[in-house]
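Let's start with one chain on its own, the form predicted on its own, as structure tokens.
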Amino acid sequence: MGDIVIVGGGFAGLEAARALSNKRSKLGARRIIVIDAKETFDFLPVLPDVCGSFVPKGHVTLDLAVYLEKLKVNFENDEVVRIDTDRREVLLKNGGILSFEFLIVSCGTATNFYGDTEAERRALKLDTADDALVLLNTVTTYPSKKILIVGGGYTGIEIASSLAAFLRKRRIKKYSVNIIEKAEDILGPLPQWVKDYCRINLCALRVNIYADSSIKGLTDGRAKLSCGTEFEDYLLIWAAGVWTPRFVRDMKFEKDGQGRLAVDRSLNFFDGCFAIGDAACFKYKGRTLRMAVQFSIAEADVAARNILRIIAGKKRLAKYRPMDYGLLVPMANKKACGKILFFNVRGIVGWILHYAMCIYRSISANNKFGIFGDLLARLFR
């Protein structure tokens, strides 16, 4: 009998820990151990609001040690450097080794610079609440810099709208916020009406979009785009893509282009080993499931249930059946667009629905009431 090790304290990891803790009587003497290099859980969907000064950092973070102690779950505040599935060991940066009987990989993803070391050296990113504060403080200190946001996906658009709204709130008249997107249009595979709505709304916020363009050259004082446009006195923000941590990409199992572990319908990638959330490549109806909080939490429940079934000696494992409730692209001027179930949603209704879901998905009462108060303040400001 060994331990249950969960790598990653994000949405998926914490939900798996909670689900297993609730069935502790069925685990025998097995410990539940969560490993994370950060001391806090950061509520990722609201980080763009932190960098725009609309939500304070304290409303989007949760102390992992305190929360897991309440669940009677062990916490290892360390970085994973390698997972040896044959020896069933997790090797930590501090030299420690954790043996496991069951493993859940739920480490999420981080910013991918695609080998551009110059951009990585110069750019700000938005992976954590601390990153959001750094971004906010930098823009506050240098409001006249030309802001270049590389990446026109969800994150890039949310950052752009938050910073534009923040600079308008500070009455900075000649601000410059620009989205650089390599593809022919923003928001990749989303419906055309969503792209059009967001583009018009970004235009109202005076955000410029450079589609079919990429960074061609960077110096201390100048950034040049592939389309020939040049920017002086710039601030670079990278939101062009993500991939899994190195230790996941180094594992011997099948992965997709982002390094996500390919799993079967039971979320297995090896005997007694599961991948969930953004670390998992789950294919449904011929397509890879997108990264979303709703899928991460549902997958965590299935993985926890399957560990309990194996412990109970049951050979048949539960299958994960995705239920897509929709998606929304929120922007900082109280507008959003997307689809909820079978309905297209746009405007302030979509914006309120986004934050209602954020409040619902928040873990602690402090986070829930904090974000709710921020929502009310913005509605009636």
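Just count from 1 along the sequence shown to find any residue number. As the structure is a prediction and not an experimental result, all values here were calculated from the model.
The protein also exists as the form predicted together with a small molecule; that form is not presented, and the subsequent description refers to it.
Residues within 4.5 angstroms of the small molecule in the predicted bound form, judged by any non-hydrogen atom, belong to 107-115 and to none of the other stretches in 179-187, 107-115, 301-309, 166-174. By the 4.5 Å heavy atom rule, the three marked residues Arg18, Gly370 and Leu376 all fail to count as contacting the small molecule in the predicted bound form.
Note on contacts: among Lys57, Arg30, Lys38, Arg346, the single residue with a heavy atom within 4.5 Å of the small molecule in the predicted bound form is Lys38.
For the options Phe247, Phe282, Phe231, Phe269, the one in contact with the small molecule in the predicted bound form, meaning a heavy atom within 4.5 Å, is Phe247. The shortest heavy atom separation between Leu44 and the small molecule in the predicted bound form is within 4.5 Å. The closest heavy atom approach of Met357 to the small molecule in the predicted bound form falls within 4.5 Å. Of the heavy atoms in Asp130, none are within 4.5 Å of the small molecule in the predicted bound form.
The shortest heavy atom separation between Leu126 and the small molecule in the predicted bound form is within 4.5 Å.
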